[in-house]
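A single chain, nothing else alongside it, follows as structure tokens in the form predicted on its own.
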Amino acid sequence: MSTVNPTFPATKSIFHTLHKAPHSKPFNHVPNHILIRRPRMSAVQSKVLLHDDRSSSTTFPPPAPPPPKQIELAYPVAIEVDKVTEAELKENGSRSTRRTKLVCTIGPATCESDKLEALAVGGMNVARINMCHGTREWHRAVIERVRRLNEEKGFAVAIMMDTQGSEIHMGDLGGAASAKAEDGEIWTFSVRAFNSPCPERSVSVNYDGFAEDVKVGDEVVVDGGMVRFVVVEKTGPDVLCRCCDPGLLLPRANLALWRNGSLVRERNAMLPTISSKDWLDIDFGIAEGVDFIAVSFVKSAEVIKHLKSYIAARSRGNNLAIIAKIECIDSLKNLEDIIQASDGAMVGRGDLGAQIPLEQVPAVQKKTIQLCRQLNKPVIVASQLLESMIEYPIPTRAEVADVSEVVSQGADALMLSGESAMGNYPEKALAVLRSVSLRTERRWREQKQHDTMELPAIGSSISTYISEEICIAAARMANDLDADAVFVYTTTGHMASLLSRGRPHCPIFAFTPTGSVQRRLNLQRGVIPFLLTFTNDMESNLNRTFFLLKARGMIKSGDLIVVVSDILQSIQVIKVP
């Protein structure tokens, strides 16, 4: 069998040959002009047979085996992965692992250690803390519990902090957990600060210009339309409203004003994206070392750039990622620039649906998912995925169909909000997301629905362009060869994200020496992040990785692996010995 030096030009020619080859051929009939690269034989490897079209087999005689104790010293067990993922790999194999990531908002229903562990066991990849609710001391306690869970129980849950933003919000309802607004009731919305408890049917508003901006006849839409009022009278700082769509009012719920079928922006549009409270919360997040900061109601790319420079000046070397929340009408005017400037995006369908006509929300969601993939940014779809499960133990069939459609569109992650923060059935809601994601992904693989999205070049240098082409080729090669996994050794996570962008059908095993990079990769679709120290010697890295993963039952002899490295910028195709 001929040998090809695995540099980028050779790899590209290999891919074009593979792309023309029939997909139905098994690996033991791969044409002999394709590079099949084996690592050096370790002491424990016996003969391995590699078949091709021209010869029946090639035999590699085994060296004399040394004592077992020497083997253990040569390959110490030093690889870390989330314990739930490890259990899935052992039980079902790599091809059956879930690709879509799951984000859970932590609230009163899930803030204790046992509840957090139950969510982690159920598949939670990222724990979200919402700075609209609770004190910083409360959030600090949650962060400490998640960290302790990771350290003591073997999980790798990342932490996302979500800012409140400067849009109009209700107050905290005088400490009450919620309040029910009934049809026809008159409620007072006031810019005054009420003493606790609030007067009956009264709520405070955080925007001083609220009473001046509204007019009699305007609609006040609460929490994306969960409750709706009509303004009937204005008295100084107070606005009297009649409830026309009854529902549950929650503390600090978002408010939107509509007049004659259009959103009222006026002074609200001039509010800063990041409020003074948000800046204090951001300082808190930096100090606590959160992995992601989600910025609410982003209106322009400049906000993200300014925040990134602020974080860089205060936390040098920190891998903290910025997620832009697409949830207001101003975001849509600058959508591509905002996504390009950020490290990821979140489609906040609830608040977005209060600012644009409801029938436009699905198109915005799909466009945002496509843009994020083209620009190589992870995207989360959030809000009301399983809203009924806040009160009921099973979802509606429409909600299940919605979740399946989001997965089919290629979103990186799904997010639970009230379902996990304050719902009666947070673990069951998470189980529904997990099972629907798995089934939808499996259907796509069984139907061999190859992705046809055009992925434009996004790099600014020849080096980054080469990395992009290698990862696109590796993803397609993995699909053509029906590989069991793609291995990538990455120090920054960039090559792993490029592979995720290519959406191979098999999982991506991303090996990184940095814990913060491992946690950030928890948001990338199809990526299983491992913590592993490695060197520039790829042969040694592969031998060691194979030994460690086989010893823990996560791969087996005969598995077909496509190997990519951002160290050497190369592709190799290897059968596990």
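Note that this is a predicted model, so its numbers are computed, not measured. The first residue of the sequence shown is number 1, and the count goes up from there.
Keep in mind that the form predicted together with a small molecule is missing from the display, and what follows is about it.
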Counting only non-hydrogen atoms and a 4.5 Å threshold, tell me whether N376, G459 and D566 all contact the small molecule in the predicted complex. no
Choose one stretch from 358 to 366, 276 to 284, 206 to 214, 417 to 425: the one whose residues place a heavy atom within 4.5 angstroms of the small molecule in the predicted complex. 417 to 425
Taking the small molecule as it sits in the predicted complex, is D412 in contact with it (heavy atom to heavy atom, 4.5 Å or less)? no
Contact flag, H139 vs the small molecule in the predicted complex, heavy atom cut 4.5 Å: yes
Using a 4.5 Å heavy atom cut-off, state whether V146 contacts the small molecule in the predicted complex. no
Heavy atom of R128 within 4.5 Å of the small molecule in the predicted complex: yes
Ok, H133, H505, R98, R228: which has a heavy atom sitting within 4.5 Å of the small molecule in the predicted complex? H133
Only hit among A478, I338, I106, A158 for heavy atom within 4.5 Å of the small molecule in the predicted complex is I106
